[in-house]
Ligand SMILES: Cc1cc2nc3c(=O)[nH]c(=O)nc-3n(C[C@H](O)[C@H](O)[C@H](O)COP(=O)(O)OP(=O)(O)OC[C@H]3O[C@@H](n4cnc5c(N)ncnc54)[C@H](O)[C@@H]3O)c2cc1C
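Next up is one chain by itself, shown in structure tokens, the form predicted alone.
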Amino acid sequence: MTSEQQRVVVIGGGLAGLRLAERLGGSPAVRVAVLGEEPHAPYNRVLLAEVLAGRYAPEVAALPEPGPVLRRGVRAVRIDRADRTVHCDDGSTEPYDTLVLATGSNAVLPPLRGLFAPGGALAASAPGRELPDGVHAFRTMEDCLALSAAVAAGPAVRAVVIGGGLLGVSAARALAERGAQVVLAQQGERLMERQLDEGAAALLHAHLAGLGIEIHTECRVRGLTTTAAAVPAGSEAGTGPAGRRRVTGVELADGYRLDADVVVLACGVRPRAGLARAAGLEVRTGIVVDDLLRTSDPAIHAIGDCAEHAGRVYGLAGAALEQADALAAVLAGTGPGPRLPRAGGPEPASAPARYTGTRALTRLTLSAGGDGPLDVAAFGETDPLPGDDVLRLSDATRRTYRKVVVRGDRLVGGVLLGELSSVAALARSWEDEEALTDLFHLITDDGGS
């Protein structure tokens, strides 16, 4: 490394961190180091449900090989802002001129009775913090492979998925495709309530039921039942005072009990901001960043699921990629702050490159079932405000549902299930904030052709 090179250290080897490294990697004026905690090759988290369903091998979900810039299996444990150094769990250190936090998010573990052994909540690293055998989050490739092994262990595995959001629906569908007997428990009134309205959620409910999934909405889970797990010959008797435990069932608040061999915790995610908080950076829901994706320390930026911009944490792949691209532009010199000269290019422009937010579209394909696949798309504000206009087209025979919300002459949101031929045109109109002229044509099959 020459004295002129800028040292950019990225904590997080996921989609956002590797996209940034790729964008900056063409400049000889920058040395990028990416610290990735997971030992696996980098992968696209969006495809985990397809891996669990058995349609994709794990390697299909792999991201392009980043080369030597990525250090796998290395966890950052402390940021020394005064010395501009990252300390890692293997004793190594990484000095930086610019630090980027792309630490992602963690699965939310609900406060269920029986989830942890007594006293286990006192320390995250204590043996009591280990989940019972058969209980899994659904966030990482390790989670996905463990679930795959569990459902492959024998016929008619009984699986309970706790949480009926996007993550829970994806997990339930994938497990059903693998032959598991699946129960989906959702505390809210409808499935995917953050994205879908009542009509769309009813169609989704019917589709999942057609796959053999038993669905309980307005259903609060109180706890788990466990038993002592069998200990292989030659192993120690247990991992702590209470020994190892295996899940046997799920207790609902009304006293009903669901037998379970496998339990999936799909209760949402939380920005992973502990490292930033310990370093004294401003953290609310996520790590607070400005339009240049700077934290409260100008030498440190944050992108992806851990970042909170203008009061919002996106938690979506599209937003993570847009933030990585915007930050690459900032660091390349198109905005104020740290600048990295471009290799063989013109001098950086003086106009600032700013991240102004992401207009994200959620899309999901639910495959299999006797009626074939069901495509789902949602964007913008799907619940109308007083004075908004709402247009719906529904065809129960074709299992299609389309709803758009219009404010004045602007499209502000929509939900589509089934045939999505018009979604691209609708999304363009929404993203570009175009004045609408013939909305009915836009949401019909003709409008999308």
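If you're wondering where the values come from, they're calculated on a predicted model, not measured in any experiment. So that there is no doubt, residue numbering starts at 1 and follows the sequence shown.
Another form, the form predicted in complex with the named molecule, is not on view; read the next lines as being about it.
- Here the chain stands alone, but in the predicted complex its contact with the named molecule, taken as any heavy atom within 4.5 Å, falls in 71-79 among 71-79, 174-182, 258-266, 147-155.
- Of the heavy atoms in Pro66, none are within 4.5 Å of the named molecule in the predicted complex.
- Looking at Glu381, you'd find every heavy atom of it more than 4.5 angstroms from the named molecule in the predicted complex.
- Interface residue remark: Leu15 is counted as part of the site for the named molecule in the predicted complex, having a heavy atom within 4.5 Å.
- Taking the partner from the other structure, the named molecule in the predicted complex has a heavy atom within 4.5 Å of a heavy atom of Ala320.
- The listed set Val423, Val30, Leu35, Ala61 contains one residue whose heavy atoms approach the named molecule in the predicted complex to within 4.5 Å, identified as Leu35.
- A heavy atom within 4.5 Å of the named molecule in the predicted complex is found for exactly one of Arg222, Arg354, Arg139, Arg129: Arg139.
- Contacts of stretch 90-105 with the named molecule in the predicted complex, defined by any heavy atom lying within 4.5 Å, are made by Ala102, Thr103, Gly104, Ser105, listed in sequence order.
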